[in-house]
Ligand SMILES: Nc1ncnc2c1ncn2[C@@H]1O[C@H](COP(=O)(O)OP(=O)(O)OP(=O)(O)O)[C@@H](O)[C@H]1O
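The form predicted alone is given below as one chain in structure tokens.
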């Protein structure tokens, strides 16, 4: 892993459609501590629907962020996500992890709608201590091209990925660390990004369903431009809550239906497949969590307790970080890079 002086640190790199974000966490102390946060916005359409349209520009932005963080060795934990990644809980005959590794690809053929010749597979046994004839396995399948493209982008930026994670798992990791009391029952983790929302349903802390929803802060910004005649900069200022002269509550409540319906459908599917009676709580992170009125509107539409997820609620933050970053403003956007940076150095 990356080393800061004599400290063991890990750096989580989140390459989003709107921002590149880097969080550095020191694991030397008994509890992890955030020691660096660096963010840089991307020009519009540099990344569209997860596809890098301008790899030179994105690579340069990554390089700049890593250099600003002052990493002595440019090693990061990164992630892939989107429609080319499948995360699914499947049943398998009970066997050892070694035996499961030999047959999981055959099992994956029954559940993954990709050409298996071009897919990378990983898995985790969710109930390794069980004694029944069947066990639950969390299957992860990613198109090899997606992983290779991300690795190539990082290489062009002069960065070495020491671990390649999955977006949904990194979000889960940060949530589990910071909100351990919220893991009982069926809980929704909704990460609203620039273009896409990652919806992760957890049953007693175990990922049961991961789904991407084509809803993000960009859609609301463009609606403001179209309906109110704002420039892109004015709309972004309003969406980020920096211009409080505009009341967004009605505007947001009229447009949150799509996201609410996606949450309801996902919850209905999980409930029908599991023993959970209902969705109990929803936590919101990502840039969308900063949009004035969105969390309240989603809660009203779902008739549920909806609240912001805080990626540094139970993690220390070095004082000098607060001197350079408005953490209250940026914290919702750091769920993913914090989850990546929490991966322990080896």
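It should be emphasised that the depicted structure is a prediction, and the values quoted were computed from it without experimental measurement. Positions refer to the first chain, counted from 1.
This next part talks about the form predicted in complex with the named molecule, which is not shown.
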Query raised in the report: Of 192, 157, 189, 267, which one comes within 4.5 Å of the named molecule in the predicted bound form, counting heavy atoms only?
Result: 192
Query - residue 236 within 4.5 Å of the named molecule in the predicted bound form, heavy atoms - result: yes
Report task. Spell out, yes or no, whether the shortest heavy atom distance between residue 287 and the named molecule in the predicted bound form is within 4.5 Å. Result -> yes
Query raised in the report: Is the gap between residue 333 and the named molecule in the predicted bound form 4.5 Å or less for some heavy atom pair?
Result: yes
Requested in this report: Using a 4.5 Å heavy atom cut-off, state whether residue 12 contacts the named molecule in the predicted bound form.
Outcome: no
Query raised in the report: in the predicted bound form, do 17, 196 and 240 all put a heavy atom within 4.5 Å of the named molecule?
Result: yes
